[in-house]
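One chain comes next, on its own, written as C-alpha cells: the form predicted alone.
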Amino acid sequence: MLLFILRRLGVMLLTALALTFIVFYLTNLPPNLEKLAKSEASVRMTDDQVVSWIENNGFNAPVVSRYAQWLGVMPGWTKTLDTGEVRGRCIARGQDPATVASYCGLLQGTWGMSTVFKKPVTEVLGRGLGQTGWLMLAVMLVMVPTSLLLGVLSGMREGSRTDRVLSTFAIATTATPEYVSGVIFIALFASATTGISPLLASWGWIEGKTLFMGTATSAMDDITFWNFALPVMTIALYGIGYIARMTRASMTEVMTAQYIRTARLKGVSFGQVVLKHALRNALIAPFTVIMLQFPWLLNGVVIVETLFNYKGFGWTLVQAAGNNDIELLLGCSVVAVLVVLVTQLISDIGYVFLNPRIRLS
C-alpha cells in the first residue's frame, strides 16, 4: 500500500508540473504580455514602449527560466534601469535590494500580486476558496445523501414504476445545465413579477416581494436558507442526477449477483439483503464518482457564482481571466490542479479499501 501511494505521489508531481507549465506558457504568450503592459502602464503606449516595459519587468527571459523562477527553484531576475532603480521579481517597490531573498516563488509561499485586486494572490485566493468551501460543503450535504437514496431505491427493483420515475428524474436533471436550472429557479422563486413569489406575496404568506433572494452576495457575510438555497439547489441538481444514475446501475448489477439470490433463498428479508449484503458493494463505484465531484464543484461553480454574484473561487477565476491577471490565473490553476490530483488519490485509496479484490491483488 505504501509503495502504491508513493508511486501515485510521483505521478501526481509530474502531472502537476506538466499542467502548471502548460498554463504558465499559455498565460505568458506575447499578446497577453502586451495587453498586460498596456493595462498596467498606459493603453496609448507605442510598440517600443511595450517592448521596453516587458524587458524592464523581466518578461523577456525564456519561458522555462521564468517558470523555474515562478516555482521558486531558480533565483529571481534583477535589472538595473537607466534611472538607477533596481527591479526584480523578489524586490518590492521601495525595498532595499540588498535585504531581499534570492528565491521567491511558489515553494517559498510567494504567489505574486494580483493586478486586478492589487493584493497578494494568496489573500485573494484564500478569500475566494473560503466562500466556495461553504458552498461546496452545502452542496455535498444535499447532493450525496439525496443521490444515493434515489439510486438505491431505483436499483433495488429494476423496471418497477419507482425505478422508471426516478430514472426519468435523474436523466432530466443531468441533461439540464446549471445556467438553465439557475435561471429557472430565479424566475420561479426569486422574481417579484413571475413564478410563485407574487402569489405568495398577495396572499400575505411572505413578508418581502420574493420567497428566495436572487443573489447570494449577502451570503458572503451571513449565510441563511433564503440567500443560499438557490445556488446550492442549482449546483446540486445536476450532480444528484449523475450520481443517482451511477448508484442505480451499480445497485442493479449487485442485486442480480449469486450471493444476493442465495441470501434470498435462505429466507433473509429483502431489507436485510439490501442493507447488509448489497449496499456496501453497490457503493464502490459511486464512491469514486462522489470524490470526482470535488474538482467538478471547484471549477463548475464558475457559472453559478457568476449568475448569483457570489464572490468565491469561480467568480475570482472569471475576474482573473477577463482582466488578464496572469499571477492570479496561475494561482487558480495551481489550486485546481491540486484539488483534482488529491481527490483522485483519495478516491483510489478509498477504492482499495472498499474492494478487497484490489487490496489482495
Partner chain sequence: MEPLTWGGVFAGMFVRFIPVWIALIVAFALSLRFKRRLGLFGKLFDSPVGMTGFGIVMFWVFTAIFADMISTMDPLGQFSGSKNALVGAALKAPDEGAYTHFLLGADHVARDVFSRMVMGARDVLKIAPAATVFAFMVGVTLGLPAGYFGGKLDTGLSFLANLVLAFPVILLFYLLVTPEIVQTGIPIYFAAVLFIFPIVFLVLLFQSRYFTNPPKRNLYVGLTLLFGLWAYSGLAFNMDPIGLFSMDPNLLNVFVSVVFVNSPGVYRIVRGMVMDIKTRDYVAAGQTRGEGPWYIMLWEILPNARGPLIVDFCLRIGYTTILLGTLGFFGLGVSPESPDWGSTIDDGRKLLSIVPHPALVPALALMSLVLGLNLLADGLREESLKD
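Remember, predicted model here, so these are calculated numbers, not experimental data. Residue numbers count along the first chain shown, from 1.
The same protein has a further form, the form predicted in complex with its partner chain, not shown here; the description that follows concerns it.
**Q** Could you work out which of Ala92, Ala175, Val165, Ile196 is the residue within 4.5 angstroms of its partner chain in the predicted bound form, going by heavy atoms?
**A** That would be Ala175.
**Q** Could you check which residue among Met45, Ile54, Ala68, Val318 gets a heavy atom within 4.5 Å of its partner chain in the predicted bound form?
**A** Checked against the cut-off, the match is Val318.
**Q** Could you tell me if all three of Val144, Phe225 and Ile243 have a heavy atom no more than 4.5 Å from its partner chain in the predicted bound form?
**A** Heavy-atom distance to its partner chain in the predicted bound form: none of the three under 4.5 Å.
**Q** Just to confirm, Trp296 within 4.5 Å of its partner chain in the predicted bound form by heavy atoms?
**A** Yes, Trp296 sits close enough to its partner chain in the predicted bound form that at least one of its heavy atoms falls within 4.5 Å.
**Q** Can you tell me if Lys35 lies within 4.5 angstroms of its partner chain in the predicted bound form, counting non-hydrogen atoms only?
**A** Yes.
**Q** In the predicted bound form, is there a heavy atom of its partner chain that lies within 4.5 Å of any heavy atom of Leu107, even though the partner is absent here?
**A** No - in the predicted bound form, heavy atoms of Leu107 and its partner chain never come within 4.5 Å of each other.
**Q** Does its partner chain get within 4.5 angstroms of any non-hydrogen atom of Leu29 in the predicted bound form?
**A** Judged by the heavy-atom cut-off of 4.5 Å, Leu29 is in contact with its partner chain in the predicted bound form.
**Q** Between 174-189 and its partner chain in the predicted bound form, list the residues on our side with a heavy atom within 4.5 Å.
**A** Contacts from 174-189: Thr174, Ala175, Thr176, Pro177, Tyr179, Val180, Val183, Ile184, Ile186, Ala187.
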